[in-house]
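Two forms, one protein chain; structure tokens for each follow separately as structure 1 and structure 2.
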Structure 1
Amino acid sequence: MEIIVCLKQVVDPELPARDFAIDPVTRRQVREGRPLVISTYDENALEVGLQLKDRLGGKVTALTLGPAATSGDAIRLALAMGADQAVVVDDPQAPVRLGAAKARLLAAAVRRLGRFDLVLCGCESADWVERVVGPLLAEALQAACVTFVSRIEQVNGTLLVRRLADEGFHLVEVRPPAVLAVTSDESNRPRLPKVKDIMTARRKPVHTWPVEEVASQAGMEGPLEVEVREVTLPERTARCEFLSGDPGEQAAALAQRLRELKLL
């Protein structure tokens, strides 16, 4: 099975609040000096892809769109986890692009890679949470689309996927080629590479494609972009009142306060 996994590098979402800042010009989070990590659910997508390869054979390609200068750690981790090769679409502008523009470039990169059975990505990015890249890739690649997928089984040439839904789960039958956006699950916790894997990863191929080359093949498909007028930090007005004493006293004080607030 030919699997392409899209990985995005973001500022660590668990960054302490004091280090979080918005750049007034780009209207995006300041990245300089902040730790970068693979976006939360993208690592789950990679794990799902690697498990499929372990079971069914084939090849996993890690694809990332971002400034090549800072994409090294994400690529090395993906290769150490077990991806066979990596492609970096070198795009210094990527951190300020919205999902629609990103999906257009990723779709062009997937087409350049050639044949695929599955494209996997995270169900949302840890930063802008637009949840559009998977569905837009599916449209651009004319592939089936399911989002919030946690598990994938192959049954008689089709795929049976488990989708997290409002009311529980859906089992969805999908005909490849498909784009699946993956959510986290107990079954897809990202594996930790061993030292041997890290050594082996150094010999795996990494291709760097300039974004202009990819963009020139991107075609005109996709939605129109919207303007980001401002990004503001909400004022936190809540000031926590701590209830003291031993657990019995704390509980009594809480019950009393809830009663005063007519919540009990």
Structure 2
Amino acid sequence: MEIIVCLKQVVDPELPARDFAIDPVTRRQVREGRPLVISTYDENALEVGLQLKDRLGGKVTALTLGPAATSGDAIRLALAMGADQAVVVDDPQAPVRLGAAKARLLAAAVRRLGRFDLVLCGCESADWVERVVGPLLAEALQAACVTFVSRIEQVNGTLLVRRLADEGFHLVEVRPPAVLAVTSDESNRPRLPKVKDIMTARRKPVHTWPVEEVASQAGMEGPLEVEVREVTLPERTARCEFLSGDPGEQAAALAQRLRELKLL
């Protein structure tokens, strides 16, 4: 089975809020000097791809879109976890592109890789949470698409996909080629690579493609299609109020305040 996993590198979501900043010119999150990690659900997608390869055989290719100079850590981690090869579409503008443009570039890169059975990606990114790359990528590749996928099994030559829903989950039968947007599940917790795997990853191939070549194939020679006008960090305020009286009066006053705030 030929599996391609799309990975996005983002600023570590666990970074303290005081270390987040918005660039006033690009109106995007400042990445310089911040630790970069694979977006959470993309790492779950990679784990799903590796488990499928373990069960069914085949090859896993890690594909990422971003500045090559800062994509090394994500790619090497993917290779250490078990991906067979990696492709970096070297795009300095990737951090300021929105989902639709990224989907077109990724689709062009997938077509350039050749035959595929599955393209896996996270159901949303940890920074913009657009949730559009998977469906738009499937549309561009004219492949089936299932979102919020938690588990995949092979049954009688087809894939039986469990998709999370508000009321529980759906079971969807999918025939490759398909694009699956993966969410987290206890069955796809990312594996931790061993020291031996980290050393082996250094010898696995990493291909770097200039974004101009991929954009030309995708018919994207023009400017960015979407302009971001404003991005701000949410304001957080805290207020402390002391209640007077004995414990009974304080409890009554607390209950009254909670009712006024519509918390009771």
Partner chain sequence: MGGVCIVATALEGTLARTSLELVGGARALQPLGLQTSAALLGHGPGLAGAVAELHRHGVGIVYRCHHPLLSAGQSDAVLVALQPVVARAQPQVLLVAADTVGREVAPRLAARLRAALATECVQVGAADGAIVARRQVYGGRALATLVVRDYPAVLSVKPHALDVPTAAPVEGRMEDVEVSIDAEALPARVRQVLREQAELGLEEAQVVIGGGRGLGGPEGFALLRELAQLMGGAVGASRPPTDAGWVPASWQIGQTGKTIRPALYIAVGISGATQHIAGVSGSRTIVAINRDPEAPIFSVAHLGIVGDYREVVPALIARVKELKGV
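Keep in mind it's a predicted model, so treat the numbers as computed, not measured. Each form is matched to the other, and the largest set of C-alpha atoms that superpose within 1.5 Å is called the rigid core. Counting starts at 1 and follows the sequence of structure 1.
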Revision key, fill the gap. Block containing the form predicted in complex with the partner chain is structure 1
Point to revise | Large Cα move at Ala21 between structure 1 and structure 2, threshold 2 Å, rigid core | key: no
Check your understanding: So, does Asp12 move by 2 Å or more at the CA between structure 1 and structure 2, with the core held fixed?
Key -> no
Practice item. Once both forms sit on the same core, give the Cα displacement of Gln256 between structure 1 and structure 2 in angstrom. Key: 7.4
Point to revise | Rigid-core-superposed Cα shift at Ser244 between structure 1 and structure 2, Å | key: 13.3
